[in-house]
Each structure stands twice: as C-alpha cells, then as structure tokens.
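In structure tokens, the next block holds one chain alone, the form predicted alone.
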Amino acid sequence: MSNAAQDPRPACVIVGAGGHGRVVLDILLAARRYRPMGFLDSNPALHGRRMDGVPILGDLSAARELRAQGIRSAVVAIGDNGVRRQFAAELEDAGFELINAVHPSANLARTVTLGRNVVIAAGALVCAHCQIGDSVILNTGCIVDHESMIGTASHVCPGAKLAGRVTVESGAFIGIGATVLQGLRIGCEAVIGAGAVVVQDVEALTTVVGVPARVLRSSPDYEEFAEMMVPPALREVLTARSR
C-alpha cells in the first residue's frame, strides 16, 4: 500500500504558486493537518513544473477534475486581496472546502474565531476575543491584540501591530511594520503604508503613510466610487450605449 493510501490526512490543493504559495505550503507541511497534493496557478508557463517538490497541476479550471479525483480541500495563497476573495468564491462554487493554514508557532488565544481560507504565518500573535474573517492573511510575526476584528480578504503584513479593539474592514491592507493604535477603524480597501503609525480612523479606499500616518491618497467621491464598483466590461457597454 502506498504512503498516500496510508496517510489519513485530507488531501488539499494550494491556489497560487508564487512566493506566498511557498509560505502556505511550508505552513501546511509544518502543521501536518492536511496533505498538499499540488498547486494551481493561472500562469501557463508554470504548469507541469514542481515547486518545493510539489507539482503545479494547471489553472483553476482543473479544480473540478481534482475534486472528482478525491481532492476536496483548498486554500488560496495569493497576496492580492480581491483576487484571493474571487478565487475562494470560485472554489466554493466548485464544491471545495476552504481550509485554514495556521503555522504551529502562531499563538492564538482560545477565544479567537476564524473564518475560512485564513492564513496565519509563523510567529503571529492573535489575542483574546479577536474575530478573523474569511480569506484573511495574518503574516509573519504580526500582532492582533484583544477584541480586534479583521474583515474579509484583508492582509496584515509581517511585523504589523494592531492594538486592542481595532477594526479592519474588508479588503484593507496593513503594510509591513505598521502600527495601528487602539480602538481605531481602518476602512474598506484602505492601505496603510509600511512602517506607518496610525493615530486616527482611516476612511475607505484611502492610503496613508508616515509617522504619524497622513493621507497620501484620499477616498474617491461618490461618483468615482460608484464607477469603481462597476466591472470594466460592463462600464464599456454602458459607455457605448450613452454615446
């Protein structure tokens, strides 16, 4: 009998064969809860190759075939917040269970709640009563203090520090080494620059940098925001009709 047949751990696939994919593979191997069988990646030049000994099996269109072969678990290892959320939805539509990759050296309080498709890297610290949404990345050595809420498809980068009762809304990006003071709110898809110290709330779709953090790019007005929410293909159709 083969080693695979003797291994009772669920087989899984990793979506994304880039640097973050390597990190997620390392987490899964260290945690030993799942058995990584391969990567999926949209770059056809990678198909048929191996990364860190694991084959790159094709793109996302191969997911349903893999599920038919008995691989029913997946995790998305893509740094782009929007793409990660989109691929997670596509995998769920294909019938996959979205799993979490939590490094054994990460320290999570017993009262922490996790969504699905969450990646928590080595040395991360998540304190009491934090809520971590679907498709969140808590990267290497970050700190999320008590009663903080991290929204869907957000990314807290390596070494970032969030004080207690911080709210990070969906799709936000907290740069490497940034600090967010207690009780603040980081708006939807806001960007906090590397090393910034945030001392007040940050509006949605706003980029802040520096110490203390200052606005580099303001959130769009209502018309700009509405336009951003329309997919490019539909925007072209609507523009053509208005001519």
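Worth saying up front: this structure is predicted, and the values here are computed from it rather than measured. All residue numbers refer to positions in the sequence shown, first residue = 1.
Omitted here: the form predicted together with a small molecule. The next part is about that form.
Between 57 to 65, 182 to 190, 29 to 37, 210 to 218, the stretch whose residues reach within 4.5 angstroms of the small molecule in the model of the complex through a non-hydrogen atom is 210 to 218.
Under a 4.5 angstroms non-hydrogen atom cutoff, the small molecule in the model of the complex has P158 among its neighbouring residues. None of the heavy atoms of F87 is located within 4.5 Å of the small molecule in the model of the complex. The shortest heavy atom separation between N139 and the small molecule in the model of the complex is within 4.5 Å.
Under a 4.5 angstroms non-hydrogen atom cutoff, the small molecule in the model of the complex lacks F96 among its neighbouring residues. Taking A204, M51, A194, L46 one by one, only a single residue has any non-hydrogen atom within 4.5 Å of the small molecule in the model of the complex, and it is A194.
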